[in-house]
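Next up: just one chain, as structure tokens, the form predicted alone.
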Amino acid sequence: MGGKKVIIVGAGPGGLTAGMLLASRGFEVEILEKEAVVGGRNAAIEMDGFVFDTGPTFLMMRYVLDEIFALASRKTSDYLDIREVDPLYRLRFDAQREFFPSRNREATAQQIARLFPGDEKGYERFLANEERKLAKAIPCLQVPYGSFFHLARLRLLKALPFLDIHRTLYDHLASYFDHPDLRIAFTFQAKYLGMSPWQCPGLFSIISLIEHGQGLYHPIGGLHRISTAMARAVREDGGTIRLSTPVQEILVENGRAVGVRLQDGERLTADFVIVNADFAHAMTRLVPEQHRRKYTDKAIAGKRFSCSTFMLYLGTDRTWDIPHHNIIFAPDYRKNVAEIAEAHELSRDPSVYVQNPCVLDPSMAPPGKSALYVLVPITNNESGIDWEKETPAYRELVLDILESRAGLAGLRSHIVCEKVLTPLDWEQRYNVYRGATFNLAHNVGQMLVWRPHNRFEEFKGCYLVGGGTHPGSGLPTIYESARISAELLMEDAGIRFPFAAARTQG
């Protein structure tokens, strides 16, 4: 392959995956990361002996990660100690009702019969129907959509009747469950995409099916260990990763990406460029507008973007008797979601997610202590909220919810260190456009061929990886985006790369 050079902008999950795959096949890979650590939004935050994941806190579709390592001639188990989380999570609806679903279908059905009488039959139908749908959907998400002709692929045409894209996720789940709270228990996963269940396409019911059917997983040490493992694999195969090296511009000459210019003025050339930066940020900050016909600043501003998150990372001087994953739903969940997705206003009675990883993984805090991760879905910066003004009061409101409803009574008196991230921080500190932490929204008009293409449309020699391209947000899909883009790059380099032959399909 002639030692062709690939520059990758960003050492997030997508950039690291692409780098790992290409380095394993002999490409000269150089990854440029503006931060001092790898991982991007999948990096570690360390404070006073406490370790937190910045963004994602669990792994689903574990087989996708195993496939990526296998494609790079490796075993995941040689790099990571991954444990299953059981139960999946604790869902708290009100003072009287908590639901602890797991992969044990019989136990979950018994809980449903007790908490939501009559809906246990709907659970059985959900599992049977959605497994068929998942089998149809996954192959459609594992291939690129570089033109409208790709929509005519036979596999997609055959799958369309099963994909439920004609109705919302909430309406789809209403066909299985009568009780509103149980519908929420199987639709809140729309938040993983930064969307409302009342707006998210019904296709994404496959996410809750994946959780219930395949489980959720935690790598010991934190989810960021996946990124450090991938970085190790890149280096083992001769790739380089330059940290604290921000890119100023993607260089384009004669309609082709030829390299990058760093913030310090250094110019680096390459045969191919892969962009793992936040898509909208990369377009509006790293690619001069003269090289963008489709993705002008105005066109980017007109896209639909996901919600954001308000984050608390809390080191405490004691442990807590709550599960690994906890979701405390707002009393009026639909109102809370509408405030985020439709009104773009600050929700005063929000839902809250709490990760208590030390119940499974004590290594993430000093002995006898806990590292609590708190996430509040919130509107993105389209709202114009003044976060410098609102942050102190919003922190207090979230702590009130944690102490009164999450099983963390007296939490304030046990906090020994903390970090707060707001939508403004996501935008200014992490270069996330509008602070939309889940990237472009996943409405039908921004999926498949309508999503930015893996082989970038604006100029040659450039490829996209991450949540802003096909197939979308979430770690498994980001890994898939990197696999698809690496395959396209190799095709353009004249190399046949048999990804399909290595598939295990979980």
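Throughout, we count residues from 1 along the sequence that is shown. All of these numbers come straight from a predicted model, not from anything done at the bench.
This protein has a second form, the form predicted together with a small molecule, left out of what is shown; the following refers to that one.
*Asks:* So which of C358, V247, L312, L209 reaches within 4.5 angstroms of the small molecule in the predicted bound form, heavy atom to heavy atom?
*Replies:* Checking each option against the small molecule in the predicted bound form, the one that comes within 4.5 Å is V247.
*Asks:* Taking the small molecule in the predicted bound form as the reference, which of V51, M447, L32, L65 has a non-hydrogen atom within 4.5 Å?
*Replies:* The residue in contact is L32.
*Asks:* Which one of these stretches, 22 to 30, 38 to 46, 447 to 455, 65 to 73, sits within 4.5 Å of the small molecule in the predicted bound form when only heavy atoms are counted?
*Replies:* Going through the listed ranges, the match is 38 to 46.
*Asks:* Indicate whether the small molecule has at least one heavy atom within 4.5 Å of a heavy atom of P471 in the predicted bound form.
*Replies:* Answer no; every heavy atom of P471 is more than 4.5 Å from the small molecule in the predicted bound form.
*Asks:* Quick one: does A277 come within 4.5 Å of the small molecule in the predicted bound form, counting heavy atoms only?
*Replies:* A277 belongs to the contact set for the small molecule.
*Asks:* Should L475 be counted as a contact of the small molecule in the predicted bound form, where contact means heavy atoms within 4.5 Å?
*Replies:* Yes, L475 is a contact residue.
*Asks:* Please tell me whether any heavy atom belonging to L488 falls inside 4.5 Å of a heavy atom of the small molecule, as the geometry stands in the predicted bound form.
*Replies:* Residue-level check for L488: no, no contact with the small molecule.
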